[in-house]
Structure formats: C-alpha cells, structure tokens
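One chain follows as structure tokens, the form predicted alone.
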C-alpha cells in the first residue's frame, strides 16, 4: 500500500472541497456513534463493561511477550504452523512463497487492516498471483484502487453510480443499475465463483487466545467463513498485539468490539479456529498458517508511552466521535489506519518523519479517549509525539525544532523567570505586533508563528495589559 501520510494537508484540502464527502460525513459518523451508545445500554452496567474491557487490554499489553509465547505453543499443539514476521517484507515473502510452493494461481481475502498495512495485495500481484477481496467494501475499493475510507465501511462513501460504472467495466454486471441490492447480489455471485475452486484463503485476526491457541474472526457478510472453510490452505495474519489471555477475555472483548464498531451486540458470524481440519471434520483447511507480524511493534513496545497505542482493537469508535475525521474523512491519513487510532498507531510504526502533520491534526478534545474501549489516552500520546518531534528524538525520527522556534522558547523561558522582565517583554511584544494591525485584527506578520496566519487572524493586542488596567481600577492592589 502506498503510504501518503506526508500529504495529509493536501488531501485534507481536497476532501474539504469535496461536496459528496462532506455530505456523507454529516451522516455516517454520527449515526454509528449513536448506534454504539444505544448498544452499550444493553449491558447491565455499561460503565463496568467499558472498564472491564480496558482492564483486559491493559493486562494483555503488560503480559504481551509471555502471552505470545503461550499462544504459539498452543497453536502449534493444535496443528497450526506459526511464522514470526519481523516486517512486511518477511510476511509478504512467506505468503507469496507458500502460494508458489502449492501452485496457487489466485487467492481470496477476508477484510483485514493488517494486510492493508503489509501491502499484501501488491506483493501477490507482483508475484503473478491474482488476489480477490471478498468483503463487499474491500472489493469495491480494490476495483477502484482506493484506500479504505472508514475502518468499518471501507467504501461507504462511494456513490452507487460510481460502483455501477466500475462493476460494468470489470464485468461484475452486464447492464447498468444503481439499485444497491442488485449491485450487492452481483458482487456476491461474482465472488462465489472465486470460492468454488479456491486453493488458498487469507484473513486477518480480530483476537488470538493464548490459553487455547485459537484465532477469532468477527464479520457480517460470511465471506471470511468461506475464506476459512473453502480452501486447502488458510493463512491468518495477526499483528502481535491481538493476543488476549483467555477465551473468557476474548468473549468480553468481542462484546465491546461489536458494540463499539457497528452498534451490534454481536457480529452476524463469529469464527473460532484452533488448528486445521481434523480427520472427523467435514470442512476446513488442511493447513493453517498463522503469521504473527511485528513491523515496528517491538520497538514501540520498548517505550512505555508508545506501547499504549498497541491497546487498539480496531473498532473505529474513535473515528465516529473525532471532529477532525468528521471533516476530512479517511483518505488524508494516508495509510491503513485513520482517525485517532491512525494518529497514534502510524507514528509508532512509521516514525515521525512523514507524520508531522498527522500528529498535529488534533483538537485535543479528549472525545476519543473517553469512548475508547481499550483505554487509549490518544491526546496524551499525541502530545508525547509532538514533544518527541520538537526535541528531535532519534528513535522516533523526530525532526527537531528550528532555530527560530528554539530562540522564541528560550526567550519566553528567560522572560517568564522574572516578573519585571515579563512586563517588559509583554510591552515590547505588544508594540511590535500592533505595527501589523489592520483595524482590530492582525492578518499577517513577517516571521510570525508558523502556520497560524494560514488559517486564522490574531486579534489586535489591547493598548494596556490586564495588570495595567487593574492598577488603574484599584491602585492599592498594584
């Protein structure tokens, strides 16, 4: 997948000017947020359920190395083959080599953010292996060569007219139609043919259970079940933070995941796979390969602060409440993960080199922190990233502040250390700034604060400070 986080501002401007995107964003996020709030009320104690989910994620991340070892041991005991992938190259190489070794000409995939992260489709295509996404939204975005717009609905923003055009072009339908049901049925018939002679299926993993070596998937369309039960070879790709300690923990996390993602008490289909097909079972894969992906997560784990980003369970609830995502949508985030979850995950995995605008595109309103079922403190993490960027942290690839910014901060520090210096500084700053006033506003200022005047004006500074006016009102208090 082509990463475009460095084009955040450029893409955001395009989406802000896109009337269809803006109309769509006024409806979907609010509706999903409302469904989530209603669904949580089905818990006997919604607050306790929310906190219990956060405590499970807390334990999972704190015990992550130990739990992964237990999961690997139990998965192998079940008959699965486990491959640890240090990065996307290793993961893609393993899957491509596996497909070639078995003479696989095409594969189908279930919806999976981690394979978006890997750029797996591109790797398979380059190796001459045809790849078909089987989730309806992913199928549409694949045909359009677009990234996901929303983690729950990758193509919910695509107009039916555009879907009709691409389906005609790719032979999914023979005659034009804008009936959503007809388009859905056509995609279903088209993809069913792909399952008929399928040799190899690929899915992500919603949760991995350490105590049983089980991988769990939740979905609404049934396509993941077909990906799992139809082929001889099944590959499940999981990022290493997907592990939870026990099956009971997984069941509770599924309850909060489904409610937070789509406002459902449970997804339509939940699959639990502990190893390949056994001799007395009628369907299922003969080989189950589990790829455990690192791709920068071990490095993020070493820092107790960035480790917090690994708590994410990919429910997408934070997107639906984020005022920034609600204006620009998913494309500007430039990678598999968008919204607040993307803003904390992407810098942890990709570093700060091309994510400077991403970590600053936040109002710090704390809505994402309040709603997160995994207990991530997104605002605190974003402030941490900004700090690491300003000081030029090497581990995260921070750029460091320029000489002008460092000079201003040093000046403020010195002026703030003594009240007489601060008064003198305030008087000089007021006189200097007001030289550029136009009426009661300052629209621009040479060498002014970076970025400020590109989107807002500065009120002209008053002739006297608060302290000076207070002294005039009551000289005894001066």
Partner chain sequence: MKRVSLFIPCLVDMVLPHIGESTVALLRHLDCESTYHCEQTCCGLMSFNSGFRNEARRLARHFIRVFENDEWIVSPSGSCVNMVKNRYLELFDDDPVWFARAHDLAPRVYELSQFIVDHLGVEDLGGTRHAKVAYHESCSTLNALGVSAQPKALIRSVRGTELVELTGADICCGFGGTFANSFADVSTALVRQKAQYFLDSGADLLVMCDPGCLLNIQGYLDRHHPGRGAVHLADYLAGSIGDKTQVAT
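Residue numbers count along the first chain shown, from 1. Since we're looking at a predicted model, the values are computed, not measured. Rigid core: the largest C-alpha set superposing within 1.5 Å between the two forms.
Omitted from view is the form predicted together with its partner chain, to which the following refers.
At a distance threshold of 4.5 angstroms between non-hydrogen atoms, residue 193 is out of contact with its partner chain in the predicted bound form. Though the partner is left out of this view, residue 384 does reach within 4.5 Å of its partner chain in the predicted bound form, counting heavy atoms only. Contact annotation: residue 405 falls within 4.5 Å of its partner chain in the predicted bound form, judged by heavy atom distances. Taking the partner from elsewhere, residue 76 is found to have every heavy atom lying beyond 4.5 Å of its partner chain in the predicted bound form. Across the proposed site, 96, 129 and 276 without exception lack any heavy atom within 4.5 Å of its partner chain in the predicted bound form. The contact with its partner chain in the predicted bound form, taken as any heavy atom within 4.5 Å, belongs to 412 out of 412, 48, 27, 432.
In terms of contact with its partner chain in the predicted bound form, the residue from 270, 324, 85, 187 that brings a heavy atom within 4.5 Å is 324. Between 202-210, 385-393, 153-161, 118-126, the stretch whose residues reach within 4.5 angstroms of its partner chain in the predicted bound form through a non-hydrogen atom is 385-393. In the predicted bound form, 455, 456, 457, 458, 459, 461, 462, 464, 465, 466, 467, 469, 470, 472, 473 are the residues of 455-473 with at least one heavy atom within 4.5 Å of its partner chain, listed from first to last.
Positional change of residue 106 between this form and the one not shown stays under 2 Å at the C-alpha, relative to the superposed core. In a rigid-core overlay of the protein, residue 51 has its C-alpha displaced by under 2 Å between this form and the one not shown. When the rigid core is held fixed, the Cα atom of residue 14 travels less than 2 angstroms between this form and the one not shown.
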